[in-house]
Structure formats: structure tokens, C-alpha cells
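This document opens with one chain alone, in C-alpha cells, the form predicted alone.
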Amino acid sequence: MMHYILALDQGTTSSRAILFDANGAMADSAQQEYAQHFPQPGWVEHNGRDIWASQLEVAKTLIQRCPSPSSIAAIAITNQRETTLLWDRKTGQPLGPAIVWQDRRTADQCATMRAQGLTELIQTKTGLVLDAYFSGTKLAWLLDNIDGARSRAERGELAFGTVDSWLVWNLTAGASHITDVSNASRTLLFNLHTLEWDDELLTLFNIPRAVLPTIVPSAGQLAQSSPSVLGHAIPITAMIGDQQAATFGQGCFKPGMAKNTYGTGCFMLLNTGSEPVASRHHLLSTVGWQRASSPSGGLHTTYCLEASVFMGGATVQWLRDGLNIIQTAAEVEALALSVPDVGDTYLVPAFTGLGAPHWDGHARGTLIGMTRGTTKAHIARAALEAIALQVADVFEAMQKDAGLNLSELRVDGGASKNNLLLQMQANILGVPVIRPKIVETTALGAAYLGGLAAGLWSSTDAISALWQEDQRFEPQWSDTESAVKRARWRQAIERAKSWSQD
């Protein structure tokens, strides 16, 4: 009988479930979008019930369509990171909205803490920059702004979790309150060196320990779904943040291998091996994954350098939903191709601030260089160029931090299906950009981790043998052309930053 891994891929705009077989091939999939909420400028929220309902629906759909539910060897979970939920341990109901990773409401609190001289301490312990992107200040905001939440949390009545914790809590009918090391490393509350919650950080952010989940490895016998939820007791053998999962799915198992995911945001990760590398260029040091190196071996932790760009595919969504110049995201490529260049028009999509390497939470979106001849096609092309230029900025910073020249970039995510975008990326970077045959590497990476723990694959070498190239995009620009483009881009970036200072 063929065995499958059921990968649950809970993303920022939709929940997906994918069945992967023992060859790493997608056997079936289901996807459901859910509502986005923007109650104030810079605020981004989800309803935790929507997250769970959409994920449960697609999981049940695949279980029902599977020839035999007993052929599902395990569940593997990957999730949007940093998004913060707080719920009642007795009822399982959220106390307020899920504050999404893009949300900037705590930017002023972070600025205050930076002014207090806490940046170096926090970065040394966590590997992260002090920014509203991460979960710590989001959780503090929920505790301070929901009536009675702080005192209830201190009494142990409430549970905090990122989305992985929320899914496992619901899958196990409240039996398991856990998070894996990759997600814990995104909270500002986790010590990257001890791999535990840090009491000094909890005090700084005013977070009661009683609200926190137990930290577990990214792969192993982590929990088991309740038959009352899915109809079957299925082992949960992997939990991992989405970008770390994509790195695993791209086969970046050796130090020096890097990938970039074009999702709602853009996320570039570089495997740095068994020790965290401190960044000197405003990148993040993070846990990649933690798993047993062999069935009988101890736990091995892999670390990564990461660069996060807030607006990737979300920039194309803005063209669709905000400007209404396209009806579907897929239309952007044809529209952008209808003009030969951007006409010296630049879009800086700092709608929720700028991520790496700038980390300016107050920068705002800027469209500059327009003339009477500027059309929606120029804006569409500028939007795609903006994605590629942001990635180029972090690619450069990552090479400096790692002290090496990256010879290629593996890419994935929904927007990596856009050939024009990937050609732009190769032109600007000056190195080949390689798209694999399976671009849904987030779910695939979680499935690989879960499958290793469940015995479907024997080693990472066996997984590496499954990776296949789909298309390679070679650079077509001269170094001069790339340098001119990036210099103009830097001017536009400075205008976006200066807007917040006027």
C-alpha cells in the first residue's frame, strides 16, 4: 500500500492541504482562502476561527478523497510565522484577533525599547532585530489591550501560540500546547543559544511564562490528532515555520545553500550549519530545523541566516485589489510584458514598512518617476521589478554576512511561476535563478521532515535525489546595467524612508 504524508500549509491568505507520496510527488491538494482584516493603517488581522476552519476543511477534504485513511502515515504542519494568537485554555476560543506578521501596531513600542538601549541584548540572545514583525510585542499588546487578559494569563488560564501551536491545539482537541524550535525562534522570547524560553526576555517584554507552549523539535513523534477532529488518530511528526520548511524542501541541507520564496512576502534563507551566524547587515539569525540525525541519534539543530521582505506577492495583490488594474494575479506578467521597460518609474511597496536590510517600520509605499506617458503596464512592470530589487538588496547583504559569493539562487513560491519576474531577478543579481519542478516547497519541506520521522525516507540524501530542476534563468544584463538599475532603486528607497520623517 502506498503511504502518504498529509502536509497542512497554513499561509497568510489561504490554508492548503497536500498529500505527498513516497516519491515526493503531489497526489492531491485542496486550498481555501479566508478573510483579511485591515482595521487601521498598518494593522493586519486574521480571525483565528477562520484560520482553523479553513485548515480543517481542506484537511478533511483530502482525508475523504484518500483511498484509505490508514495510508496517511503522518501529518506535517507548516505555517505563516510570527502571527500571534491568544486563546482560552478551557473553551479553546480566541480572546481577540490574530495579529498578523505584517502588522505594525507595535512599531512605537519597539522604537522605545531601542531608545532604551536594548537592541544589542535582544539581538545577541535571539538573533533577531527588535521589530514589530515578531511575536513578542504582539503578544504583549494582546495581554494589555484585552480586558483581564494579563491577570488571566498569569493564572495559567490562557494560551499563546503562533499558528503552528493553534493548529496542533485544535487537531488534538486541546491535548497538546506545543511549538517547534523554528517557530519559537521568531518570537523575541527564545534564546537562540540555549534553545529555550529566556527569563530575561520574558521580563523585558512582560510576558508570563504560564502562557507559553512547550518547545519541541521540528520533527519526531510530536503529537497525535484526536479522532473526534479528523475521524482518525494520525501522528503529527513535523512542525516548522514556512520559510524554514521551504529551505528544507529545496534540499538546502548543506551550509552555503540558499533559497528565496516568493510568497506574500519574499524570504531568503541560507543554511549556516550547526552554529548561528551573527549578522552585521541587519539580517536575522534563526533556527532552521531540529531533528534526530539518525533513528537512534541525538537531536541536531541547523541554523540559517534569513532576510525578510514584507511585500512580495502581496504587491501584485495590491495591483489587483487596491488599484484594480488586473483581475487576477496571473494577468500581471502579460500586462508587464506589454511595455519594454518601466519608463524610469519605481514602486517601493513599503505599505507596512520596510523589512531587511532596512528595518524601517515607518517607511511608506512610494510610486515615483511617473509622467503623462506612464500607464498601468509601467506600474505593473515596476511592481515586478520592485520584488526583484528587494530580493537583490538582501542577496547582497547575505553574501557579506556569510563571507561568500552565492553562485545561484533556488526559488519557489507562487510568484516563482512568473517567468518575467525570474528573468528580472537573474538580470539584477547576475547569477542563475533556478526554479524546481515542485514550487510548493513549503508544504513539501514539511512533508519531507514528517516523512523522515515517520520512516518514509531514510535520509536527507534520499530526499536530495528527488529534487528536480524545472527551468534555469541566466542573467542577460551587463554589470553596468544592473548597477544603474540598483542605484536608481536606492534613490527611490530613500524617498520612501524620508516620507515618514516629514
Ligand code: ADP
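As the structure is a computational prediction, the values presented were derived from the model and not from experiment. So that the term is clear: the rigid core is the largest set of C-alpha atoms that superpose within 1.5 Å between two forms. So that there is no doubt, residue numbering starts at 1 and follows the sequence shown.
The same protein has a further form, the form predicted together with this ligand, not shown here; the description that follows concerns it.
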Verify the contact flag for Ala329: yes if a non-hydrogen atom of it lies within 4.5 Å of a non-hydrogen atom of this ligand in the model of the complex, no if not. yes
In the model of the complex, is there a heavy atom of this ligand that lies within 4.5 Å of any heavy atom of Ala238, even though the partner is absent here? no
Looking at the partner-bound form in the model of the complex, is Pro217 within 4.5 Å of this ligand by any heavy atom? no
Within a 4.5 Å heavy atom cut-off, is Gly313 in contact with this ligand in the model of the complex? yes
Among 88 to 96, 74 to 82, 314 to 322, 422 to 430, the region lying within 4.5 Å of this ligand in the model of the complex by heavy atom distance: 314 to 322
Can you pick the one in Pro208, Gly365, Gly414, Gly361 that has a heavy atom within 4.5 Å of this ligand in the model of the complex? Gly414
Counting any non-hydrogen atom inside 4.5 Å, which residue from Gly343, Pro255, Gly263, Gly251 sits next to this ligand in the model of the complex? Gly263
My question is whether Thr194 is one of the residues whose C-alpha shifts by 2 Å or more between this form and the one not shown, given a fit on the rigid core. no
2 Å or more on the CA of Ala383 between this form and the one not shown, with the rigid core superposed, yes or no? yes
Using the core for the fit, does the CA position of Gly96 change by 2 Å or more between this form and the one not shown? no
